[in-house]
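Let's start with one chain on its own, the form predicted on its own, as structure tokens.
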């Protein structure tokens, strides 16, 4: 596995690979890696000649400085995991490489309401930070393909629209969510759950699964309200449990009127905020 910290060294290596007509796939991460991330790497390896991943804990997408401070840093474990999964190239830049003192230029992207709903209600400017760092990393790596996970569905949607506005030729792939045996979506935050909350956390996916079974049989509002009520009874502090259009992220009332419908949830399990989603309906003949 090739290991780089400096942009100039990484780009020199990747430029040589391009000169050999090799394709480059990229899976950005913030570390604290788990099998969900390894699924990204497996997809990158499968679709690309050269698989590249980054580990960079981006400070501009944390609204709460305490959350940034507590974010797990497990670089040695991460490197071993990536090596075992045959990653070709790892980029672990310091903050000053990504955000140099002279500043960087980030285009003023217009996401309409995409960054104002769901996560955007509770994490103001979060997606501005996400778009900034992904744009910066794409400038550096210049991949042919970009691999991101379904678990952060809103993030994937926003990056898709960012690429459209850039008129980028990068192909964006959505990698399905990887789950624990009990259904809990794999997340770097899971390791911070107490034993009590770890036992309760799988109920989030159970409620999403129930929504998938019933969304054509019962009123959408009733399903969402019941899910929020159930989570509250279990002690969760739920920020949203919504069924939304898979393209514009606006709330759905009549699923039959939409080509794609996604159930999305964010809930606090004690001090840990968990997010998850399930695609309820998708017309594969239709795209953005």
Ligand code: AMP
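Numbering follows the first chain given and starts at 1. As the structure is a prediction and not an experimental result, all values here were calculated from the model.
Quick note: we don't show the form predicted together with adenosine monophosphate, though the next part is all about it.
**Request:** Flag residue 177 as yes or no: does it have a non-hydrogen atom within 4.5 angstroms of any non-hydrogen atom of adenosine monophosphate in the predicted bound form?
**Result:** Yes, residue 177 sits close enough to adenosine monophosphate in the predicted bound form that at least one of its heavy atoms falls within 4.5 Å.
**Request:** Spell out, yes or no, whether the shortest heavy atom distance between residue 99 and adenosine monophosphate in the predicted bound form is within 4.5 Å.
**Result:** Result no; residue 99 lies far from adenosine monophosphate in the predicted bound form.
**Message:** Within 4.5 Å, heavy atoms only: does residue 148 come near adenosine monophosphate in the predicted bound form?
**Reply:** Result yes; residue 148 sits at the interface with adenosine monophosphate in the predicted bound form.
**Prompt:** With the partner left out of view, is residue 157 within 4.5 angstroms of adenosine monophosphate in the predicted bound form by any non-hydrogen atom?
**Reply:** Taking the distances in the predicted bound form, the answer for residue 157 is no, it never comes within 4.5 Å of adenosine monophosphate.
**Prompt:** Is every one of 29, 36 and 40 in contact with adenosine monophosphate in the predicted bound form, taking contact as a heavy atom within 4.5 Å?
**Reply:** Per the other structure, all of 29, 36 and 40 touch adenosine monophosphate.
**Message:** Counting any heavy atom within 4.5 Å as contact, can you tell me which stretch out of 74-82, 90-98, 112-120, 169-177 lines adenosine monophosphate in the predicted bound form?
**Reply:** Partner-contacting stretch among the options: 169-177.
**Interface residue in the predicted bound form among 193, 186, 138, 163, criterion: non-hydrogen atom within 4.5 angstroms of adenosine monophosphate** = Among 193, 186, 138, 163, a heavy atom within 4.5 Å of adenosine monophosphate in the predicted bound form occurs only for 186.
**Asked** adenosine monophosphate isn't shown here, but in the predicted bound form which of 152, 144, 125, 210 has a heavy atom within 4.5 Å of it?
**Response** None of the others qualify; the residue that does is 152.
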